[in-house]
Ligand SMILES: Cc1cn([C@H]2C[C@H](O)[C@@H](COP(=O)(O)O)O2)c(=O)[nH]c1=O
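Taking the form predicted alone, here's one chain by itself in structure tokens.
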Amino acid sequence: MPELVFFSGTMDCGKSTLALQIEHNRSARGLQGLIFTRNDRAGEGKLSSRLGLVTDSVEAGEGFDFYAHVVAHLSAGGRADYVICDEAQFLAPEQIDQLARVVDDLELDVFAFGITTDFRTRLFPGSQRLVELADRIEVLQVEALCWCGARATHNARTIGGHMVVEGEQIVVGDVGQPETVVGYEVLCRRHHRRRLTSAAARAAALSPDVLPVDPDA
């Protein structure tokens, strides 16, 4: 039976890499899929991995209708054996409903990949709808790590190396960005709660206030 599968995880845990691997495995067996993404780091109409892999995709912007697009593709004589959708957290709930309809009415597998929660630890509307509708939810087992070495479970937004907890929910960025621009960092829950990024931890380690004091000095 066809399924709507939601692959979830933090940033930097290999979601896009897995999406590309699924595409490779199926296309190698002669299957043809439709690939969609939104706000990919590589630009419009691209699905990219931090490992350097990239492929063309259809940009699913605001107001895009997945069901109508797939029906039009099939009606024009195109072939589709499955659908891959990356950055699904950015989709509107009604677009997730359309993906579910692709599964139920067109009997195609849909593989959706996305972050579950935003930098404020709040569910993205698209991810929430996927949790509500998906036949199966797979949490990726490749563990992203916090700067402390613990398993990273939360996404932090940073500006100038400092964590921020206010602002628009969707601001496109990436991990490993220069400290002068908006970036993201994955943290464990403890350090996300304490707003302690790697830059803040380094600054604290170098501060004279936390250096050992010789009582005899």
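All residue numbers refer to positions in the sequence shown, first residue = 1. What you see is a predicted model; the values in this text were computed from it and never measured.
What comes next is about the form predicted together with the ligand, which does not appear here.
Engineer: Taking 37, 95 and 100 as the candidate spot, are all three within 4.5 angstroms of the ligand in the predicted bound form by heavy atoms?
Structural biologist: No residue of the spot touches the ligand in the predicted bound form.
Engineer: Between 26, 69, 50, 189, only one gets a heavy atom within 4.5 angstroms of the ligand in the predicted bound form; which residue is that?
Structural biologist: Checked against the cut-off, the match is 50.
Engineer: Taking the ligand as it sits in the predicted bound form, is residue 162 near enough to touch it, meaning that at least one heavy atom pair lies within 4.5 angstroms?
Structural biologist: Close contact is absent here: in the predicted bound form, residue 162 is far from the ligand, nothing within 4.5 Å, heavy atoms only.
Engineer: With the partner left out of view, is residue 115 within 4.5 angstroms of the ligand in the predicted bound form by any non-hydrogen atom?
Structural biologist: Residue 115 belongs to the contact set for the ligand.
Engineer: Please tell me whether any heavy atom belonging to residue 22 falls inside 4.5 Å of a heavy atom of the ligand, as the geometry stands in the predicted bound form.
Structural biologist: No, residue 22 sits far enough from the ligand in the predicted bound form that none of its heavy atoms falls within 4.5 Å.
Engineer: Can you tell me whether residue 87 touches the ligand? I mean in the predicted bound form, with a 4.5 angstroms heavy atom cut-off.
Structural biologist: Flag for residue 87 set to yes.
Engineer: Out of 101-109, 71-79, 118-126, 131-139, where are the residues with a heavy atom within 4.5 Å of the ligand in the predicted bound form?
Structural biologist: One stretch meets the cut-off, namely 118-126.
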